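One chain comes next, on its own, written out as structure tokens in the form predicted alone.
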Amino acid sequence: MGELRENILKQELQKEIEIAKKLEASGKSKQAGPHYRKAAIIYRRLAYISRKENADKFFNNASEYEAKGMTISTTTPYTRAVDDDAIKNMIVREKPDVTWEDIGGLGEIKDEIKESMMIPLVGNKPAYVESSRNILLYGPPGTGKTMIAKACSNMLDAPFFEVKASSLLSKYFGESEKIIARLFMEAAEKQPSIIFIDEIDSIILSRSSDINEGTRRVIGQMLTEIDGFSADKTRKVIIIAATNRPWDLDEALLSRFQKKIYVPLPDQKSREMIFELHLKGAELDSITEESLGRISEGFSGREISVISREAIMNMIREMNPDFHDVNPKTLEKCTLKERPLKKEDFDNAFSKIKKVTDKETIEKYKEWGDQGL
């Protein structure tokens, strides 16, 4: 009987939240407020009848929806415009041009992510077959997490919402929560779609940290939206988040991401492939991609791309010493002299570009992953 009552309450909860979001999206904030407050009441009922491990989460959700219901009625036309502009800036209306071939190495990781992307969209599959629609990519900076998310969007030919922390955080009271709600609603309307939250650690820090009340509300709103999507198995929205500091994330948020994938620094073979990608068309002399792969141990893919560009520019400067004196109006008729890239070009580049991630940090990533959070 208890389980039946809980299921009925959850259905009522989902109904109230959906009504509130539709009203809010259509600009009827005052009418949406009571439905959010009803959702808060249902969350409290769920907290009283649920197992102890779920009660705290339901009480927190109740508080967050009650606060939302109280503040949303004060929405002004001005904040509505800010809200709309923020969402417009988040969606990449042109399909990202990044493909899997543009990402050097990471073979097994690519296959794992492709699988997670495709299974939720399969029309006919056994009822017991499910795949994680919420994916957390973690690892050192510059390892290709953003490129992976864009390649997913390209593969699925799906609208891509690239969320930056700065676009989610607003100085106006309650505005950040509204932006998050609208973002998820827009993604649902354009499904199948992908929401990519880059550097999520900058907005969803652990609630045990010294953070202000506004940030706590943002965390609560994000958790509420992810929960709503997870509860609706018919929705075809993939949520991908990326972080360089997974150990700083809120534990409640981490629990929402069923799949956590470590994107490591490239190994020897991957480094060779990355150099090949960035040096395509260039001729090498006295050095090979294999030797470059060896001497670049510990460098990220992003750092390797910068090294490649710097080596090329070193050659260009040497072969075209007077280039900076060329009249800008004649650039289209200008021809750059070139020669094969030499070891000295790369030595010069390596002297300028230093690797960011040290061995201690790599061990920290491995230890965090081994905890099975």
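These numbers were taken from a predicted model, which means no experiment stands behind them. Each residue number is its position in the shown sequence, starting from 1.
Keep in mind the form predicted in complex with a small molecule is missing from the figure; the text below concerns it.
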If we test each of 63, 305, 29, 314 for a heavy atom within 4.5 Å of the small molecule in the predicted bound form, the one that passes is 305
Residue among 220, 140, 246, 293 with a heavy atom within 4.5 Å of the small molecule in the predicted bound form
140
Taking heavy atoms and a 4.5 Å cut-off, does residue 103 contact the small molecule in the predicted bound form?
yes
Taking heavy atoms and a 4.5 Å cut-off, does residue 147 contact the small molecule in the predicted bound form?
yes
With the partner left out of view, is residue 238 within 4.5 angstroms of the small molecule in the predicted bound form by any non-hydrogen atom?
no
Given that the small molecule is not shown alongside this chain, does residue 274 nevertheless sit within 4.5 Å of it in the predicted bound form, heavy atom to heavy atom?
yes
Using a 4.5 Å heavy atom cut-off, which of 116-124, 179-187, 220-228, 296-304 contacts the small molecule in the predicted bound form?
296-304
